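Look below for two forms of one protein chain, each set out as C-alpha cells: first structure 1, then structure 2.
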Structure 1
Amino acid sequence: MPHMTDERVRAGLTHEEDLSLLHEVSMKTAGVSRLEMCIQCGTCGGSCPAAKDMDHTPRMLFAMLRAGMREEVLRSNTQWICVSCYHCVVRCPQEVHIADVMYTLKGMAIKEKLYEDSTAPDFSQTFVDMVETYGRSFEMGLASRHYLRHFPLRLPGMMPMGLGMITKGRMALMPKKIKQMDQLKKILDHAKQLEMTS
C-alpha cells in the first residue's frame, strides 16, 4: 500500500493503483494531456491562486485518478474552482496540461451528473447555449439567466454595474449573431459527433 500522508488519508486514498480512469481522462482531454507524466511534486497546487478553496489539490486529484476513484474525483469541487489561469501549466516541470484536464473532468461530471452544487454546471451550460445560439457569449443574457436561477436576491444589486457597462458600451443590451453562423454550427455538430464516438 502507498505511503499514507495526511493528505492521502483525508482524500480516502487507500485504493490500489487502477490506471483505467487516468487513461480514460487522458484520452478524453483535447490534445496531449501528459497526465500520466505527473510526478506528484505539488507545484500545481502551490501555484494555484484558488487552491485554498479546493477540496483536493490538483496533485491529489491526479493521485485519485491513478487510484481509479471515479466518483470521488467527479464529485470534487476542484475542477469547478479552477479559474483556467494556466499558472499551474506554465510551472509544471512535466508540462502536464492541468487546466485542460480540469475541463475534461467538468464535462465528465456533467455527463454523469456527479457534482454537489449545480451552480457551476448550469453556468457552463448557459454559456454553451449562448455560443450555440449566437456564436459568442451574450453577457447580459448570461448574467441575467444565471442570477435569476441561482441568486435572484443579488440581481438588484448587480443592476448599477450592468447599467454602467451598457452606457459605456462595454456590454450589449441585445444579442448579435456572428457572421457565417452556419459554419460554426457545422463545426459544433462535428465536435459533438466526435464526442459521441469517443
Structure 2
Amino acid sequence: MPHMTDERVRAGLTHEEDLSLLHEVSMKTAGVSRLEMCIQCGTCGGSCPAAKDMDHTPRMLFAMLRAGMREEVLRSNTQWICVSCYHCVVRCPQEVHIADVMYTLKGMAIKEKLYEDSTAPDFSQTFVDMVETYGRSFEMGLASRHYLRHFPLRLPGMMPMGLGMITKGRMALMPKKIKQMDQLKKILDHAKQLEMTS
C-alpha cells in the first residue's frame, strides 16, 4: 500500500540537523500536525472566540514558530486561552491541527517553565493530580483548591454558586476512586517513561 509519507519528508526535512522549532512542535503533536502548511490566512484568528484576550492570534504564533522565536512562543498566553472549541480546526483551509498544536505548546511551556501566569498550568496539574490519585476527576476538590490558590478574593463571590451546587447535590464532597487504581498507575507510569524517552 502506498503509505503515509513521512511528515519530515513532506516538510522537506531529511536530516536531523534540520530540526527546527516548527518541526519539533510538529513531531510532538498527536496526529499529523500539518503545521508547515499554514498560509497565514488568519482563519484561525478570525474564528477564535477568545482571540481578544490572546497575546498573539494562533496565526501569528505559527509565523513566530516558523521564525524560531522559541521563547516568545512558549511565553505567549495564546495556548492557555485556547478553549478547544475546534472552530479553527474545521475551518482551516490547510487542515492544520491547530487545537492539538496548542496542547503541544502548553506541554512544552510547562516543561520549560516558560509561562507568565501560573493559573492555567496549575489548574491542569491539579486536575491531573486528582485523576492520578483517584482515576476520576473531583470537581469540588479541584475548584476549591484552585480558587483558593489563585483567586482567593473571588472565592466569597463564588460561594453562593458553590453552595448551590452542593445543596442541589451536584457536587460530591468526597472523591470517587476507581477499583483498579494500581493498574492505571502502572499504565501512566510506563507512559510517562515513554514520554521521556521519545
Partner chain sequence: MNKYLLYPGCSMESSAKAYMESMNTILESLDLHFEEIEDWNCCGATEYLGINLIPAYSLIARNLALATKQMHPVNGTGGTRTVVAPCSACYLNLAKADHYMNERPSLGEKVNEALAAGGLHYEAGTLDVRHLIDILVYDVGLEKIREAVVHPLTGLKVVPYMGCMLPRPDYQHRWSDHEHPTELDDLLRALGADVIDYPLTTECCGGHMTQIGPETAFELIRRLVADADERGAQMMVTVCPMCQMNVDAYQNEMNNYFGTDYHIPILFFTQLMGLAFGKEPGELGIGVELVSSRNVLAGIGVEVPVTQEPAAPRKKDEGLPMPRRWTKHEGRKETVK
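Between two forms, the rigid core is defined as the largest C-alpha subset superposing within 1.5 Å. Every residue number counts along structure 1's sequence, beginning with 1. Every value quoted in this text rests on a predicted model; they were computed, and no experiment measured them.
- Here the chain taken from the form predicted alone appears as structure 1, while structure 2 comes from elsewhere.
- If you fit the rigid core between the two structures, you'll see the Cα of Lys176 move by less than 2 angstroms.
- Aligning the rigid core leaves the CA of Ile187 displaced by 3.1 Å between the two structures.
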